[in-house]
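Next up: a single chain in structure tokens, the form predicted alone.
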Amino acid sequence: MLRMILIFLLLGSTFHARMITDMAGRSVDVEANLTRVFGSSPPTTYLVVLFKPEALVGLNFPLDNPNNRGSDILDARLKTLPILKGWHGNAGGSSAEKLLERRTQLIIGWNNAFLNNMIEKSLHGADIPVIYVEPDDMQKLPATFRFLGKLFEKEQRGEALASYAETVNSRLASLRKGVKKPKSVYYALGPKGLNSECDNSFHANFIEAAGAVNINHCEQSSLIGMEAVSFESLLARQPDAILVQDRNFYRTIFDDPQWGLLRAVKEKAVYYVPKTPINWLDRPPSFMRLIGTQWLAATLYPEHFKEDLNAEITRFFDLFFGRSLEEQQRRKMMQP
């Protein structure tokens, strides 16, 4: 079936290709006019949304899910796209047959040590080119935006996003220099808050970017992460602040007598991560970290963060999503 679809597409299509070098240093032939593109994972799919959402042939998961509230902000047309899964987390990969049926011209992959070569092996020889980009590393995002600007022939858009990312990185670097005593942070995941990410994990490197220290010292063992943590270890370490992803856990932590033993809970230094339209920090890790890390830095170090955070959030949503936020919308997205 796969071979028949491939032959049909090759016989029925003509295109002009261009050779590009992707962000993994690979040379790839790519069609000149990209109108049917698939992101291999949420971090790369959301990058396409920034440049050419109408070119997406499918999504990796629904816009609205426990970690993301996409339909509040993102283009309503995205809700009509099929869910084609992808190469990330527990998704198990996308179907080469379905990608060919949708005449996919290009797959934009996540350059990640846990994912390298996984896509090509899953395609079983289907002739869909794959390029790799850096969607989550804040230091590499300026280059990512400029790369995608050229790929989609929207260089001005790429430059505007890259310039913003450079400003944020510079701002956070200045903040880190001013922080004399970094705060310790526990990143609570899962319904009981007893999963977390290692301090060297790409899932959690925003903590260091915000000038703080992740108390969970370990080695990331898988793409998914979610390392188990004992409450006894938290009791011994007494983090200065707790960062929470799970809404229900956040709503119960202040009434839980066990968690109440932690100084951070007693002092109300527990913070819920915003998720509109895409998680601001992780799951997926994405360009949203440009605003999420500023929010975290402003929350942990209000004396060092010199910008007007609310004005910065408004500026970010206008630049990245073309949306003028009303005060009520901004307040709503900050609530669990």
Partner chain sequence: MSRTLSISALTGVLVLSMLLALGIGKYPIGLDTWSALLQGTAPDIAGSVVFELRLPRIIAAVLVGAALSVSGAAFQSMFVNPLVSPSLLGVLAGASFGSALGILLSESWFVVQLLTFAFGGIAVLFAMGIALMYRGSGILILVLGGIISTSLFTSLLSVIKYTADPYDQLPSIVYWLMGSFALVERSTLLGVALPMLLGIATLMLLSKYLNVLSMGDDEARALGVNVRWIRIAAITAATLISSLTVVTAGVIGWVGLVIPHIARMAVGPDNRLLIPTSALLGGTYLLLVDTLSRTMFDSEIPIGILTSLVGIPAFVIILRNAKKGWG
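None of these values were measured; they are calculated from a predicted model. Positions refer to the first chain, counted from 1.
Keep in mind the form predicted together with the partner chain is missing from the figure; the text below concerns it.
Check your understanding: Thr104, Ser201, Asn216, Asn112: which sits within 4.5 Å of the partner chain in the predicted bound form by any heavy atom?
Key -> The residue from Thr104, Ser201, Asn216, Asn112 that makes the contact is Asn216.
Check your understanding: Ala143, Leu194, Ala126, Ala160: which sits within 4.5 Å of the partner chain in the predicted bound form by any heavy atom?
Key -> Exactly one residue meets the criterion: Leu194.
Review point. Should Tyr250 be counted as a contact of the partner chain in the predicted bound form, where contact means heavy atoms within 4.5 Å?
Key: Because no heavy atom of Tyr250 falls inside 4.5 Å of the partner chain in the predicted bound form, the answer is no.
Check your understanding: Would Lys154 show up as a contact with the partner chain in the predicted bound form if we use heavy atoms at 4.5 Å?
Key -> Although the partner chain is absent here, Lys154 would stay clear of it in the predicted bound form, with no heavy atoms inside 4.5 Å.
Review point. Wondering, does Arg283 line up within 4.5 Å of the partner chain in the predicted bound form on heavy atoms?
Key: Because a heavy atom of Arg283 falls inside 4.5 Å of the partner chain in the predicted bound form, the answer is yes.
Review point. Any chance Met226 has a heavy atom within 4.5 Å of the partner chain in the predicted bound form?
Key: Within the cut-off, so yes.
**Study point:** Contact segment among 127-135, 186-194, 73-81, 165-173, judged by heavy atoms lying within 4.5 Å of the partner chain in the predicted bound form
**Key:** In the other structure, the partner sits against 186-194.
Check your understanding: Quick one: which residues from 61-75 get a non-hydrogen atom within 4.5 Å of the partner chain in the predicted bound form?
Key -> Read in sequence order, the residues that approach the partner chain (within 4.5 Å, in the predicted bound form) are Phe61, Asn65, Pro66, Asn67.
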